[in-house]
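A lone chain, given as structure tokens: the form predicted alone.
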């Protein structure tokens, strides 16, 4: 991304002398909707990010300009000052979460923009939270760890945006490492870097360009509630089960008649997905990307039929990937639109992209967007 435009806008609004920070979006190879169930995820930070220029302004007000939407917003730092613009709530929320931890954040001026596509499942919101979290921590020398910044980003979503998200997106944005995925245990928050070097393959996202807003209609929160309902039932017999990650298929089968069919189906997907991720990690250690791909297809099937967070456009892209001999493909992110993530052999790449984009446009009258992604580092000062 060309950060010069941010610099120019900042200079025109607030003068010069701000510091520049960045934090990336993410992909997740496998492990979807497992994070808020205490399971594992396998994200990687990518070469698409949010960027901000920021400078303290000596007041108790924040003056922010969102370059991508050409909007400004000014707001205070007290709880009652919550802005009405959603994008501003991400910045405000980070300031409030830091204040709630006893740290002093003072007023500042900022201009921000990014090349993380919005609504594509690459976590533009987490990139924005992490960018400002990292910037404020550095600017005011607050002493937070990367994990604490990630947790404050998650709390911002819960408390100021209304999305009961897990920790994966913010974690990946803060902790990314070039050439590595991160196997994160969402229960203990322990993680390890897993080398990701699929020689002879490319990772490409195809965006359906179908808009999804996870807060709208509460679909995301409904699925989380289904999982919690099943845990409550299992815990009557197994009090040690606090999250779905703690349960196995036998425990699940034992409560089949005691929970709704929908809740059971949702839980069945999650318990299976926890195991698929472990299988994929084991395959990666042997450079066995064929097995990784197989697990990705299984995940898509479960997200489509059991968790029901796919849509006709995503299913069509997944079918095209199979038809073109793509190694692995699945819906990525919360669902209801956004992208498929595809693991494609280099020699099949051009034919796959051409055939799929043409067929998709013909069927849905929408031109899909294609994003090649490379695994990069996490939040940083530029």
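Quick caveat: nothing in here was measured; it's all calculated off a predicted structure. Positions refer to the first chain, counted from 1.
One more form of this protein should be noted, the form predicted in complex with ligand GLA, which is absent from this view; the next part is about it.
Participant: Can you work out which of 65, 352, 316, 36 has a heavy atom no more than 4.5 Å from ligand GLA in the predicted bound form?
Facilitator: The residue from 65, 352, 316, 36 that makes the contact is 36.
Participant: Heavy atom within 4.5 Å of ligand GLA in the predicted bound form: which of 92, 289, 144, 220?
Facilitator: The residue in contact is 220.
Participant: Is residue 169 part of the interface with ligand GLA in the predicted bound form - any heavy atom within 4.5 Å?
Facilitator: Contact with ligand GLA, yes.
Participant: Would residue 334 count as a contact of ligand GLA in the predicted bound form, using a 4.5 angstroms cut-off between non-hydrogen atoms?
Facilitator: It does: once ligand GLA is placed as it appears in the predicted bound form, residue 334 has a heavy atom within 4.5 Å of it.
Participant: Verify the contact flag for residue 277: yes if a non-hydrogen atom of it lies within 4.5 Å of a non-hydrogen atom of ligand GLA in the predicted bound form, no if not.
Facilitator: Contact with ligand GLA, no.
Participant: Answer yes if any heavy atom of residue 165 is within 4.5 Å of a heavy atom of ligand GLA in the predicted bound form; otherwise answer no.
Facilitator: Heavy-atom contact with ligand GLA at 4.5 Å: present for residue 165.
Participant: Among 326 to 334, 340 to 348, 42 to 50, 57 to 65, which stretch sits within 4.5 Å of ligand GLA in the predicted bound form, heavy atoms only?
Facilitator: Result for this chain: 326 to 334.
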